[in-house]
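Given as structure tokens, the chain that follows is alone and in the form predicted on its own.
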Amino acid sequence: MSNPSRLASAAARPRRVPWLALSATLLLAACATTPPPKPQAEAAPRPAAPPPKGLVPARDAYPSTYKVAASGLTAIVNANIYTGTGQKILGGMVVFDAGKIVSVGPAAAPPAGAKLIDAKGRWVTPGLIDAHSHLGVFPAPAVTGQVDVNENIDPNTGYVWAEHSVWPQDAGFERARAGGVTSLLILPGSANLFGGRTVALKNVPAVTVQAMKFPGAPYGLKMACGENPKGRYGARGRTPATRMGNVAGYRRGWIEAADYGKRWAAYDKKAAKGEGGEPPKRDLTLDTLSGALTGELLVQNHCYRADEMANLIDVSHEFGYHITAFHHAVEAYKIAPLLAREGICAAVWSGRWGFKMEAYDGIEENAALLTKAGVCVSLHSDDPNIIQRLNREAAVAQAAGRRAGIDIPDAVAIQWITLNSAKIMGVADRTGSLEPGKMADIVLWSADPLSIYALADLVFIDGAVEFDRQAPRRPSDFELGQNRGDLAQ
């Protein structure tokens, strides 16, 4: 091993050249023939400089800062369990640790050292998921200065992102937690053909939206058909003014997006070879639409009438994208086999219809008929009140099916507000059911959640208690010092 102090002192000393060696060098230099100059080697091409930051779309420009809260090994025992996978377990046990589900099954000895929660016959489900919400972007109080849900100034506002409107202090988030909601999809409004990007959130108290963003969840593209876009712009003398104008608007948008995607693909191919070149001029609208064409973004399509849904499916075939779900699909039951064949989910209400012409032909049996036909069905809210009672939405839709002779098992009805909603959000591999390795998003109910008397007693998000009915109510920052009666919803 070298001595560092010696090396340092040697380096500091001036080097001396022996006189004999210097003389020999001078003599050889004098006798040598001067060689011809070597041809200079062609300079290697310099690697292309990367474009300035922001001119090339970043994969995760607005990252989640969500942190899983600390939690320990916990076992809920003596529980009746809906697993979200279509299974019901009576008197079972759920074990979770470090934010993940460890095991779910019948009664057994709890693991050593686990904190025990005796359910005493109460019911456990996965955390509920709302696949269509405007909390945060249409918050309470819904005064003009707070409403940021619709960029309704152009039929194509694919350039906006819902997360940039979310107000985390919306009191609705805590009320939704009280209803057992642990994750939700926030969408822009429905005034536009292309309304912008959706964002998936974990329903945790936070100061910033980044701290609520569901880690790794895909973005979605909100689209709308029917009366909203044609009414909004037709009334202003603009296109679209008709449903055929709506479809023309989609097609124009997709054509531009396909061309944009082609130009970026060519640039990416050159960049991968180090050839560089000027990137195409970036366009925020087409960033989003081209992402939907490749499947990076999930298409969430607001649509009521069966014939319009069929038209939108044809449009998707023309441009080669997939519709993840039709939202508010009150007439979905009319085309159930088509939706099943296309693998398109339907997000519906149990009993909301008739509030406008295109919503006129809704029926309470919609969810049951679709489920019977093999369609992935989710009961959504689109409303700050309904989100507090999604379990009752499932019960109402189930009862309507039974009256029509369609017996939807309880454990399947629970999937309408858990696993199927997670599929629409693209997070079903992480939440939506009680399976080992998934997020410990869990609700302990006072009774069977399909009972009108059931209340969420405890709500765990990633294993941490985020709502406790016995604990003092946790107001949002905005509610502190406010007259709560003014904020009641």
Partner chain sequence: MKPIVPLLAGLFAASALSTSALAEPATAIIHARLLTMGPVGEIADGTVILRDGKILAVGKGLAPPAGSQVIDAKGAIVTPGLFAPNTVLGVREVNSVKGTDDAKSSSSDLGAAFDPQYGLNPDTTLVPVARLGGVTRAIVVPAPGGDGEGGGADDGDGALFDGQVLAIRLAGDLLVKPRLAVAMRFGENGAGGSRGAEIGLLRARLEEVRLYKQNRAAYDRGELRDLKLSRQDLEALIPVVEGREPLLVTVHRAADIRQVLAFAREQRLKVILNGAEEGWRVAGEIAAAKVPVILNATADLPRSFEIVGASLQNAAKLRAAGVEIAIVSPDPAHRVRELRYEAGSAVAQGLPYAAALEAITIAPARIFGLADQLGSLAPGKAGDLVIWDGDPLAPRSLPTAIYVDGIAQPLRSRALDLRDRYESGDGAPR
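Positions refer to the first chain, counted from 1. Just so it is clear, the model here is predicted, and its values are computed rather than measured.
Form predicted together with the partner chain: not shown, discussed below.
The stretch that touches the partner chain in the predicted complex, counting heavy atoms within 4.5 Å, is 356 to 364, out of 90 to 98, 356 to 364, 215 to 223, 181 to 189. The partner is absent here, but in the predicted complex a heavy atom of A142, alone among A265, A107, A241, A142, sits within 4.5 Å of the partner chain. Contact annotation: of the candidates K230, R305, K372, R122, the single residue with a non-hydrogen atom within 4.5 angstroms of the partner chain in the predicted complex is K372. None of the heavy atoms of R236 is located within 4.5 Å of the partner chain in the predicted complex. In the predicted complex, D457 stays away from the partner chain, with no heavy atom inside 4.5 Å.
When the partner chain is considered in the predicted complex, N156 lies well away from it, no heavy atom lying within 4.5 Å. Taking the partner from the other structure, the partner chain in the predicted complex has a heavy atom within 4.5 Å of a heavy atom of N385.
Residues Y333, K334 are the ones in 330 to 348 with at least one heavy atom within 4.5 Å of the partner chain in the predicted complex, listed in sequence order.
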